[in-house]
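The same protein chain appears twice below, in two forms, each given on its own as structure tokens and labelled structure 1 and structure 2.
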Structure 1
């Protein structure tokens, strides 16, 4: 205990140096925590699950996937034809509708991109919305109910709503971007819970399909060019990998899905493919940026401890005269570094966790279709580990050098 008190007192002796080093550690741990948060999210999203996994059915060869809506029902049932055939436990269809609020000036700023789906699936199939905390889920259920009751309703993310300068309850007209010459009159019925869907919107798929059905009435009997390509993705949930494989085979062997052909892949595999474009960026973050910051962190600590050791050679000599063994002196210096690094690292990651998750509602860094990243719970120990690890590496050499401090050398110089 006295040893720890001594460490504390030593750190307090030069508050400026301890403070500067702690701030240096904290800002660098902050960056590493953010980088690792993004990487850990991507790793989790691309990790293959063994059970309760999701699969995505999409057009086999091309992007964007555009399938006829006639595929929707049978794909949602996993292309099962016989009672004993394997079936997914849940399913959700996605049709993308992008529209501008202004028919003349069509820009990203005045546009809304919505998933057209069955409203109830927002609560059971949408990533992250399917496992909301109870209170948030109850609140969002009311919004979903409103969407179910309002065929022309739309749920919008907070950021997007602010961008288009509208409020809940407003009515808007969307002039189709991908669905040319299709105009949808929508009523904003609620907001997404803050986070991943801040820039998204969701509407009732029945309304989009009804608008497509009605299109020929106003266009000389001609169908909309995308009328037979309106189904973009079908999400399926499987209890385990075996059912996934069986359903995959049923879909692959079905003659029904020939034009265009479709494929079933796990959600993680689909995301992995999409992340290929970011492969080098992710590699750079993982193997270049984060390690270089850790080395910088070690250098900052090493510098501070090195200066401290050089300034306190006399003190080391006195400690030795008082009976401290070389290892105890080494432990004292290492302890100071570990205390400083550990506490600063832990404080930094904890503050990052609280500020990013509860104040900023995530870090906005768009990679593929992920727009917002949160700091995971594990980050609380990352900071401690980073601080301790880099402090140990950075202070080992300076601390080791204290073992070689010879009392006679120090006092002979003084005399």
Structure 2
């Protein structure tokens, strides 16, 4: 305890230097924690599951996937044709509709991107919405029920609703961006729970399909260009890998999906495909940005400890005269660095965890269709580990130099 007390007192001797070093550590740990949180979320999203896994059916050769809606029912049943055929436990279709609130001036602020789907599937198939806390689930169930009862309804995320400057209950007209010349009149019936879908929207697929069916009546009998390729994805849930593989074989061998051909892949594999466009960004964050920050952090601590050691050569000599062994002096310097780095790192990651998750409700960093990222529980020890690790690496050389401090050389310069 006396040794630890001595370390603590040494840090207090120059509060400005110790404080600035601690602030530097906290800022850099904050950045690394945010980067690792995003990478951790993406790794988890692309990790394979052994059971209760999801699969994605999409067009085999084209991205973005565009399939005829006539595929929807059979694909949702896993292309099962016989009673003994394997079937998914649940399914959901996705159609993407992007629209603008202003037909003339189109900008990010007046645009809305919506998933057209079966409303009930929001509670059983949508990631994170399928395992909401009981109270939150009951509240959102009422919103989903409104969407089922209001065919022209739409659910919007809180952030997106604020961007378009609308409120729940307002009526809007969406002028199609990907569905050119298609106009949808919608009523905002509710909000998504705060979190992942803050910038998203969901509408009833029946309304979109009815609008496509009615399109020829106002366009000289011509079908909409996307009428036969409005189905983008079909999500399937499987109890285990065996059923997934059996359904995959049924879909691959089915003669009904030839134009266009389709493929079934795990949700993690499908997400990896969507992330291809961000591959260089993710790679740079993982292997360039984060390591560069860790090196910078080590240099910050090394510089601070190095200055301290050079200023305290007389003190080191006196300690040796008093009987301190070289390793004890070295441990004293290492202890100062470890205490400073560890405490500052732990405080930084803890504050980041609390502020991001409970005050900011996540970090807005849109990658693919992930809009919000949260700091995982593991981050609480990341800061401590980063602080201790970089402090040890950065202070090792300055601390080692104290072993070479010779008493006679120091006192001869004084005399």
Partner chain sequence: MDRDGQVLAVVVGVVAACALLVWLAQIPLKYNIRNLKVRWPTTVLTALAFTLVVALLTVMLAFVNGMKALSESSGRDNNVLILSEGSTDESFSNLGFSDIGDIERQPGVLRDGDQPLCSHETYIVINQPIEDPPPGRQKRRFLQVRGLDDAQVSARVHGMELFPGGEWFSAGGVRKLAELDEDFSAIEVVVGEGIARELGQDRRPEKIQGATNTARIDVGDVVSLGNRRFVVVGVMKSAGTTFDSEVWAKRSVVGPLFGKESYTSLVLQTDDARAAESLANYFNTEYTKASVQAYTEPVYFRSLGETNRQFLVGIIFVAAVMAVGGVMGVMNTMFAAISQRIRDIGVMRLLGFQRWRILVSFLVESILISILGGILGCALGYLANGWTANSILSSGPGGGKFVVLRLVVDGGILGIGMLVSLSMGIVGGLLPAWSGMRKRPLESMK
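These numbers were taken from a predicted model, which means no experiment stands behind them. Each form is matched to the other, and the largest set of C-alpha atoms that superpose within 1.5 Å is called the rigid core. Numbering follows the first chain given and starts at 1.
- Annotation: structure 2 represents the form predicted alone, while structure 1 represents the other form.
- Remark: with the core as the superposition reference, the CA shift of residue 262 between structure 1 and structure 2 stays below 2 Å.
- After superposition on the rigid core, the Cα of residue 72 moves by less than 2 Å between structure 1 and structure 2.
- Once both forms are fitted on their core, the CA shift for residue 169 between structure 1 and structure 2 remains under 2 Å.
- Summarising the core-aligned comparison between structure 1 and structure 2, the C-alpha atom of residue 135 is found to shift 2.6 Å.
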